[in-house]
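Before any questions on binding or motion, here is one chain by itself as structure tokens, the form predicted alone.
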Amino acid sequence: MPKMPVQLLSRDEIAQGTLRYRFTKPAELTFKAGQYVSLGIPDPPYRDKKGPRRPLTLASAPNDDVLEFAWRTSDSAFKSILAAAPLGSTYEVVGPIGTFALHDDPTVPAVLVAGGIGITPFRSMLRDVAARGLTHPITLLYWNRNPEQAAYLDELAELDARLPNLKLMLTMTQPETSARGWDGLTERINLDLLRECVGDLQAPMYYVAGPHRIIVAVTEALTVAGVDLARLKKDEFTGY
């Protein structure tokens, strides 16, 4: 795949410990909502053992004018370089990559399960659903420790209000750490919570994105429920 140059347009904090980055979008880059690209830093001033390139899920929709990513802050070389980079700095992307994309049949419900920053592919999908007027029945179950750490929370609430076939379910497992307060769901991802949010577990296609423990929790719950795991797509976020 060819390397395509992009320029850093903006950087801001969208949740506690989470930064959003926007880059110019190459005219030749087309992708499906839910896919990712590889973002590289040419001639990095320093590097760690993982090198100057990372796979990053696109948070922007295919029809958006910019490429958007969001990630949790850390002291990795890759993140530290981008956190300090001047706006206008040039990088390179390769892609798109992956098959983590919404199924075509609008009569089959979709259940999206996001843990933390695993919300990024689903933000892309839901923006695409809104832009194209898709009619898939969609349940989004979004897990965080508290509302302050939940990226895109306000935008998701707006999409929930706009999309008649979207059901947004939020669970905050450490509400006592929130200064805003929380009186909604507090359960960790498990079979009982999936049944409460989804109802008939056999009908949907499932998509889960986030850290390893979320992938395991959803896989185990669906296995116990007797769901065919061919109906499950996974996007594991390993950290970088």
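Keep in mind the model is a prediction, meaning the values are calculated, not measured. One rule holds for the numbers: they count along the sequence shown, beginning at 1.
What follows is about the form predicted together with a small molecule, which we do not show.
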query	finding
Partner contact for Ala61 in the predicted complex: the small molecule, 4.5 angstroms, heavy atom	no
Pro52, heavy atom within 4.5 angstroms of the small molecule in the predicted complex	no
is_contact(Ser89, the small molecule) in the predicted complex, heavy atom dist at most 4.5 Å	no
Asn165: touches the small molecule in the predicted complex, heavy atom cutoff 4.5 angstroms	no
Residue stretch of 123 to 131, 156 to 164, 75 to 83, 102 to 110 approaching the small molecule in the predicted complex, non-hydrogen atom distance within 4.5 Å	75 to 83
Listed residue (Ile214, Leu193, Ile41, Ala70) with a non-hydrogen atom within 4.5 angstroms of the small molecule in the predicted complex	Ala70
Listed residue that, although the small molecule is not shown, lies within 4.5 Å of it in the predicted complex (heavy atoms), from Val93, Leu141, Ile117, Ile138	Ile117
